[in-house]
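The form predicted on its own is given below as one chain in structure tokens.
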């Protein structure tokens, strides 16, 4: 496998917005919440807003919540600026704060490209388990999001089994969506059984809640689940995903203004439920192809907007979650590589805390491919090397070494070279750096075939740290684990 680039380096080198731009978007979002408000139909949510000091009114039969800038500012201050997402092993913990960067998989694809046949088929529970195992072995993938929908099990068993398939096959942090309030309790119980007690300090899992139907509407079912997660004091990602030209203004700035207002309304809501609740600003803006109105994510503007999300969340001092690595390509081809590399580098260098969809995704999130995870692991590693930057200190400046070598010498045999040669350059796993003659002797191999062989090697040889057998038995007795 390629040499791992450590997670958690600080980004912030790339800023698509100026400080003035950030301030202006912030103030305009305040105006949206105060003058336009958000539509909320769930009575429990309306009661929470009203008790907290928001203005609730009925306008043409719609229940509208208006939130003052004073209330927004107070609730933003209530939310923690640092959140720890635990792994089953402590070395896989993620510390979300400032501009620390972590990248992981994404989720909810309907299709999987089969590793053996190469044909596209529906996702299964076995795919979730195998991709978790693959992600566990790939050092540049820092957390695991349920990659596809398991369409081979009953829907009532979906949430619990998808979480457990991840938790039992990787020791990295596991994330998934949950739109059923009743299932939140079951998932939390599983996490506590694995952890041997409360999971508040180092939760091995977190919830992604797509609670916002853009533009500016709370989705009642998911909002119910959001309330339950927040009451449990577990980390929650507020996922708002407006599509420029369809569910938000076509201009990048207009989409960011609307999205920022949506995120702020969710932050206020969570803090009114449970002051100090760990909440992650989860803006994932995208755009529509104006020729056919299809969702697209491979454009340069996608990376620009998602990098801007980092700046907006940093401006209010909260951790963020966004998207990169999505492509409109249907197979792992050159289009997939250049679209993925652009947005991954943009978001990493902007200092995004949790970049999901960074590995495995194809066909505008409809499909995942096993080999693509290996290819993306390499792209992520190169991006993280960029985030790490150039260390300048007495040792790396190498003045003494330059004096020693002098004029016309070389550095090949020096101790300084030996000390840094394994850490200074990123070492790829797939990319070939051989001369052309050597390539001809070896036989040229398509990178997709090479990636596929690496996948099979991992699935055949890698053994994730198992959940304690007694704990596994208790979980299987308590829940319908398939």
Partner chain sequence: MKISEEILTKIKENVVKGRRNKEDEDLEGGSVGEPGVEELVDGALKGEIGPKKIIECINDAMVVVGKKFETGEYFVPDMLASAEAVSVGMEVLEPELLKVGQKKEKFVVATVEGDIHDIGKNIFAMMLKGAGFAVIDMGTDVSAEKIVKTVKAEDGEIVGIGLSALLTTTMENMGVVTEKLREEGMSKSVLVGGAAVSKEFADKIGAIYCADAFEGVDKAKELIKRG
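Positions refer to the first chain, counted from 1. The shown structure was predicted, so the numbers you read here are calculated from the model rather than taken from an experiment.
The same protein has a further form, the form predicted in complex with its partner chain, not shown here; the description that follows concerns it.
Not displayed here, its partner chain is approached by residue 151 to within 4.5 Å at the level of heavy atoms in the predicted bound form. The closest non-hydrogen atom of residue 158 lies within 4.5 Å of its partner chain in the predicted bound form.
Using a 4.5 Å cutoff between non-hydrogen atoms, residue 117 does not count as a contact of its partner chain in the predicted bound form. Although the partner is absent here, residue 407 lies well away from its partner chain in the predicted bound form, with no heavy atom inside 4.5 Å.
Here the chain stands by itself, but in the predicted bound form one stretch of 297 to 305, 99 to 107, 219 to 227, 391 to 399, 219 to 227, has heavy atoms within 4.5 Å of its partner chain. Checked against its partner chain in the predicted bound form, the residues 93, 189, 213, 233 give one hit for a heavy atom within 4.5 Å, which is 213.
This chain lacks the partner; the member of 330, 74, 366, 193 within 4.5 angstroms of its partner chain in the predicted bound form by a non-hydrogen atom is 366. Taking its partner chain as positioned in the predicted bound form, none of the residues of 380 to 405 brings a heavy atom within 4.5 Å of it.
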